[in-house]
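The chain below stands alone, shown as structure tokens; this is the form predicted on its own.
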Amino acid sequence: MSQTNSGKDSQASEAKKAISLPISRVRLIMKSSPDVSSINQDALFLTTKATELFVQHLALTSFNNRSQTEANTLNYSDLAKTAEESDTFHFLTDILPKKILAQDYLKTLEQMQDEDSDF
């Protein structure tokens, strides 16, 4: 019986080494939801690993689709471009909007106000 427990303990410690995100932070984010009262350790681990894989996939996709201006560099604009152009990551467009200059935003705002005043 002790061999089984030690086997499970070693598997658990190896599994924790296999993730990079801090589990305590993921737990804190999960507990911030009013719908969550308690969190199973397995669910916490799987959520952490899934989050890590999602971020890795987003970064890799963005890196492969980046503008080739800088070698081996991933910028915010690359992430925003991926969110805007990819169907998979389109739900992130509100979180990762393309950056625009203030003067461009003001011009767009003026155009929208002019259109509203025409009606």
Partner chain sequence: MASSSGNDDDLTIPRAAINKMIKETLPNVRVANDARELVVNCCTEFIHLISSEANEICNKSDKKTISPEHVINALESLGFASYITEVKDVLQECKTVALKRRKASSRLENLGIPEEELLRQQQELFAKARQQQAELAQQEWLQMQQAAQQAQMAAASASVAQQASSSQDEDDEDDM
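Predicted model only: the values in this text are computed from it and were never measured. Residue numbers count along the first chain shown, from 1.
Another form exists, predicted in complex with the partner chain; not displayed. Remarks below refer to it.
Residue contact with the partner chain in the predicted complex: Thr73 places a heavy atom within 4.5 Å of it.
When contacts are judged by a 4.5 Å heavy atom cut-off, Asn40 counts as touching the partner chain in the predicted complex.
Not displayed here, the partner chain is approached by Leu21 to within 4.5 Å at the level of heavy atoms in the predicted complex.
Arg25 belongs to the set of residues with a heavy atom inside 4.5 Å of the partner chain in the predicted complex. In the predicted complex, the residues of 43-66 lying within 4.5 Å of the partner chain by at least one heavy atom are, in order, Ala43, Phe45, Leu46, Thr47, Lys49, Ala50, Thr51, Glu52, Leu53, Phe54, Val55, Gln56, His57, Leu58, Ala59, Leu60, Phe63.
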